[in-house]
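Next up: just one chain, as structure tokens, the form predicted on its own.
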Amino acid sequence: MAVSKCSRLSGPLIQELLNSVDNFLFDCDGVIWRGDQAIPGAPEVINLLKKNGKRVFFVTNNSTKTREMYAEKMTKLGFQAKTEEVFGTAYCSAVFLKHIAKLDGKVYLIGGNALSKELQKLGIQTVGSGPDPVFGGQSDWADVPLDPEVKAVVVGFDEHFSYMKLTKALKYLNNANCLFVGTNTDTRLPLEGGRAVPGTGCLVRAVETAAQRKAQIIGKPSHFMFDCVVSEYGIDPARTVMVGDRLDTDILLGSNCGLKTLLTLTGVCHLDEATAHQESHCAERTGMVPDYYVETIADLLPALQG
């Protein structure tokens, strides 16, 4: 399609895009739902895409839910979704450790129950979940005992993140053979009303700083998230579109992987941010310019219903 980048997707252009792709990758929060409410029209879009023969997958950086938890939420909100269509960073981290890194040992986990469950499903034992309060003084912290079977440190979202966890991660990672994996680098989690809380990226950066090592990042915009989908479904990048609300994760993932990209304005990013990237003529920023944008994915409904 001979159209300029960051074009509004409307009218005949929607049908042209639909005809050019077989696969849709959707981010979740801010794209198909906000909090516990579906974006109006989003369930109908997803269900009609499937009815029209398109393959639909859900790709999220959130490590606090298992695939089953996501599928259950989608079903409650009216989406026709299967567990195996969900690719979150908890599941993809487990896939990386099991099948790519060939991990032979335990994981020291800075993360929640969902991440632990996804690792355990693939036979990977974890230690470290839950609160870990500080005790004693600096000498005690430096001499804290470690599990000799731990061969990897994985950092996801952890509301119990503490100085003691940071200290243990540092000690494990002093061993150059200990793998270091971070689920994602999102530094802020946006909430309603312009509020935000620190994201997993803050925890990953803290461990990186303490350990003086860089983590292998699993989540968007890392290529590995898309590789997971490809390895299981063999989809063609040229016939795939990534739909998201964040330029630095969703859209950049699409650009990194050779996908078409569609920004929806129901979430985090605004159109002026995309146009600023486009007008910068900076090579590092052009990957965050979407091919198309819509106010909401419900804008696709007329073409799908027709």
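Throughout, we count residues from 1 along the sequence that is shown. All values derive from a computational prediction rather than experimental measurement.
The form predicted in complex with another copy of the chain is left out here; the points below concern that form.
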query: Triplet W33, N52 and Q80 all within 4.5 Å of another copy of the chain in the predicted bound form via a heavy atom; finding: no
query: Residue among H99, H223, K214, R188 with a heavy atom within 4.5 Å of another copy of the chain in the predicted bound form; finding: R188
query: V127, L146, L122, A196 - the one with a heavy atom within 4.5 Å of another copy of the chain in the predicted bound form; finding: A196
query: R205: touches another copy of the chain in the predicted bound form, heavy atom cutoff 4.5 angstroms; finding: yes
query: Another copy of the chain contact in the predicted bound form: G105, any heavy atom under 4.5 Å; finding: no
query: Partner proximity in the predicted bound form: W141 to another copy of the chain, non-hydrogen atom cutoff 4.5 Å; finding: yes
query: Interface membership of L170, another copy of the chain in the predicted bound form, 4.5 Å heavy atom rule; finding: yes
query: Candidate stretches 88-96, 105-113, 229-237, 160-168, one within 4.5 Å of another copy of the chain in the predicted bound form by heavy atom; finding: 160-168
query: Residues within 4.5 Å of another copy of the chain in the predicted bound form, restricted to 272-290 and counted by heavy atom; finding: none
